Each structure stands twice: as structure tokens, then as C-alpha cells.
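In the form predicted on its own, a lone chain appears below as C-alpha cells.
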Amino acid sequence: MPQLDFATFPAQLVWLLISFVILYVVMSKVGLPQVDRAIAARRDRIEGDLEKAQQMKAETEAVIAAYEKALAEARASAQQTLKETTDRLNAEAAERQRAATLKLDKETEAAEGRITEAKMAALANLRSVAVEVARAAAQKLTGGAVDETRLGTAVDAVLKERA
């Protein structure tokens, strides 16, 4: 094997040095700049993506804040509408209650008036019935006719005592 021959070591070392220098120059002038450009492009793309992600995150946060604000406004509006509706319904119920109370009061007064009229009619009828009963009883007891004016006065006196 020629590479293990000690006589060829200096020539091999020279070619190794020449090959190393050529490879170094080619790599430093062609290969490494391409790798450097690829790394820079990748870094730029990553930084752009990170900036775009930050921008999208800021936009998302703005949209979320606007959504939460709109939701809070909608809730407040719904609460206000609910309160107004409840107040209106309560006022209507109170008005219906007041109207029903007035109607019942009028009906009660009318009923009391009818009861008083019926009582008066019954009492008036009671006087005539009492006079008739007293006349019939006096006729049976005495066997003769009784004075109607005296009977009316006696019945009136008894009714006054009872009233």
C-alpha cells in the first residue's frame, strides 16, 4: 500500500495540504456563504412568522376584548330591558289590582244597598204581618173586632223596643 510507504509521506502531506487549502477556499467562498444565506433566510422567515404571530395575537386579543365588551353591553341592555319590563308589568298589575278593588268596593256598596232595601222591605212587611197576626190573635181571644189604629200603635211600640 502506497499510503503506508514512508518514502511517499512528504508528497502525500503536500497533496493533503493543497487539497485542504483548495477545499477550504471552495467551502469558504461557495459552500459556507450558501449555508449562511440559508440560515439567514430561515432566521428571517422565523422572525417574520414570530412577528406575524405577535400581530395575530394582538388582533385576537383586540377581537376578544371587543367581544367581551359587546357581551357586557348586551347583558346590561338585557338586564335594563328586564327591569323595565318587570317594572311595567308590576305597574300594570297594581293598576289592575286597584281597578279590581274599586269594582269590588262598588259591588259591595251596591250589595249593601240592596241588603238594606231588602231589610227595609222585610221590616215594612214585618209590620203589616205583625199587625195582621195581632188582629187575628186579638179576634180569637176577644171574639170581637179590634181597632186597627191601636193595633198599629202597639206593634210600632214593640218594634221600636226591639230595634
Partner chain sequence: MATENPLHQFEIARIVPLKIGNVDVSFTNSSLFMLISVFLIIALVVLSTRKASLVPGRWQSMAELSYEFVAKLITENAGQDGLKYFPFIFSIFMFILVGNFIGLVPYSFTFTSHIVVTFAMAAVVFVGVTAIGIARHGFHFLTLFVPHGVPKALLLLLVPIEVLSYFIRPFTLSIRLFANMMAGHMILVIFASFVVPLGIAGAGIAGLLPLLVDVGLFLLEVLVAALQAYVFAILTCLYLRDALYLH
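A quick note: this is a predicted structure, and the numbers were derived from the prediction, not measured. Only the largest set of C-alpha atoms that superpose within 1.5 Å between the two forms is called the rigid core. Positions refer to the first chain, counted from 1.
Although not depicted, the form predicted in complex with its partner chain is the subject of the following passage.
For a residue to qualify, one of its non-hydrogen atoms must sit within 4.5 Å of its partner chain in the predicted bound form; none of 118, 128 and 144 qualifies.
When its partner chain is considered in the predicted bound form, only one residue from 60, 97, 108, 34 comes within 4.5 Å through any heavy atom, namely 34. A single residue from the set 26, 104, 123, 53 has any heavy atom within 4.5 angstroms of its partner chain in the predicted bound form; that residue is 26. At a distance threshold of 4.5 angstroms between non-hydrogen atoms, residue 42 is in contact with its partner chain in the predicted bound form. At a distance threshold of 4.5 angstroms between non-hydrogen atoms, residue 30 is in contact with its partner chain in the predicted bound form. Taking the partner from elsewhere, residue 153 is found to have every heavy atom lying beyond 4.5 Å of its partner chain in the predicted bound form. Not displayed here, its partner chain is approached by residue 38 to within 4.5 Å at the level of heavy atoms in the predicted bound form. Of all the residues from 9-35, those having a non-hydrogen atom no more than 4.5 Å from its partner chain in the predicted bound form are 9, 10, 11, 12, 13, 14, 15, 16, 19, 20, 22, 23, 24, 26, 27, 28, 30, 31, 32, 34, 35. Core-superposed comparison between the shown form and the other one: the Cα of residue 132 travels less than 2 Å. For residue 153, a C-alpha deviation below 2 angstroms is recorded between the shown form and the other one after rigid-core alignment.
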